[in-house]
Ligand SMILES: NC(=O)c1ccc[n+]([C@@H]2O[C@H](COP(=O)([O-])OP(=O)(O)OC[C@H]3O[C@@H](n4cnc5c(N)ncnc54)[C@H](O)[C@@H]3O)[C@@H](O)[C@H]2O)c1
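Presented as C-alpha cells, the chain that follows is alone, the form predicted on its own.
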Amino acid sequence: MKRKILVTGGAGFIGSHVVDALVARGDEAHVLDDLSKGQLANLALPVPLYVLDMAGAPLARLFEAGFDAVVHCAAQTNVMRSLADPALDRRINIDGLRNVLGAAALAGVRRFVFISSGGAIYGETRGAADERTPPRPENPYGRHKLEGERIVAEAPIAGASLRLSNVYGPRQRSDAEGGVASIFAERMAAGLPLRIFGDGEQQRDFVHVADVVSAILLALDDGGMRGVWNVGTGAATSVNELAALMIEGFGEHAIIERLPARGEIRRSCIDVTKLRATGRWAPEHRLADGVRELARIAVRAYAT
C-alpha cells in the first residue's frame, strides 16, 4: 500500500538515500530540510521540499499533508561542534525532535523512526555493544541522542530508534563526523596524502548507507519494532586497514601522513544480532566493495 512519508534531513547524506528508496518502491516521500548541510543535488528525484528550521518553525500546517510516518534523520552530527556549542546541539537535536514529534502526534502520524547513534551513545566498546550495553555517551551529541531516544519512547506514536555505527557511502560529505572513508577517497582522487591520526589502530564499525536504508525501511514497515535497534556490521576495522582498502580500490600507491593522536575512542563496534534475528535484514555490502565504489565516484568528481 502506498504511503506518504516525511523524511526530515531528507536532502542530507542518509536522508536522501531514504527518499530514493521510498520513491523507488512506490511511496510518496516528502522532505523537510533547512539546507544548512543538506544539498539540493542529493535530491535526484522531484519530491516536495519544505525548507524550514525544524526547531523554530511551527509545523502544524506542514503535517496537514497527512503523513503516515516520519523518518527523522535531521540532526547536528558533529561531536566537536557539540562540545563547542552544546546549546546549539540541544536546540537542533532535542528541541527540533520535540517539535517534529509533537506535530506528528497531533496530526495522527502512526509511525516514527528516529536515527540515533551507536558510536556516540556506547562510547568505548571492548567487544561489540548490544542494545543491553549500558550507555556511556562522552559528549553533548551522544547525551542528546540518548535523550532523544527516551523522548521517542515516551511519545504517543509507535516509534523505533536506530543506533547506527559509522555510516559510509555515496553523498557523504568529507567534513561529516565519522566520514573518514569519504575523506580518504577525496584525498586519493586529488593525489594528496592520506592523513592518519595516531597509530591508526583505532577501530570503527563501517556500515554502508544502503544497509542502513534497508534497516530504516524495515523499521517503517514493521510496527512491532519498538525501542532501540543497533544497525552496523558487528565487525571492527582499523583506520590503517581502511587506508589499505582505499589504496587498493584506487589501484595506486599513496603517501601516508602520520599526525598526532586526537584523543579519539579507540574501538567502536556494535552487535546487530537483534536486528538479524528478524530474519529480514543483514548487512549485505562488503567494505572492500563499498570503498571501490567511493573510489570510482571520487575519481569522476575530481575529473569534472
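Note that this is a predicted model, so its numbers are computed, not measured. Numbers for residues come from their place in the sequence shown, where the first is 1.
Beyond the structure shown, there is the form predicted together with this ligand, which is absent from this document and is the topic of what follows.
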Counting only non-hydrogen atoms and a 4.5 Å threshold, tell me whether A11, S36 and V167 all contact this ligand in the predicted bound form.
yes
Is there a heavy atom of Q172 lying 4.5 Å or less from a heavy atom of this ligand in the predicted bound form?
yes
At the 4.5 Å heavy atom threshold, is T77 in contact with this ligand in the predicted bound form?
yes
Find out whether any non-hydrogen atom of D53 is located within 4.5 angstroms of this ligand in the predicted bound form, and reply yes or no.
yes
Although this ligand is absent from this view, report whether I115 comes within 4.5 Å of it in the predicted bound form, heavy atoms only.
yes
Please tell me which of A128, V109, C73, V152 lies within 4.5 Å of this ligand in the predicted bound form, judged by heavy atoms.
C73
So this ligand isn't shown here. In the predicted bound form, which residue out of I92, A104, M188, A219 has a non-hydrogen atom within 4.5 Å of it?
I92
Tell me which stretch of 141 to 149, 193 to 201, 128 to 136, 220 to 228 has a heavy atom within 4.5 angstroms of this ligand in the predicted bound form.
141 to 149
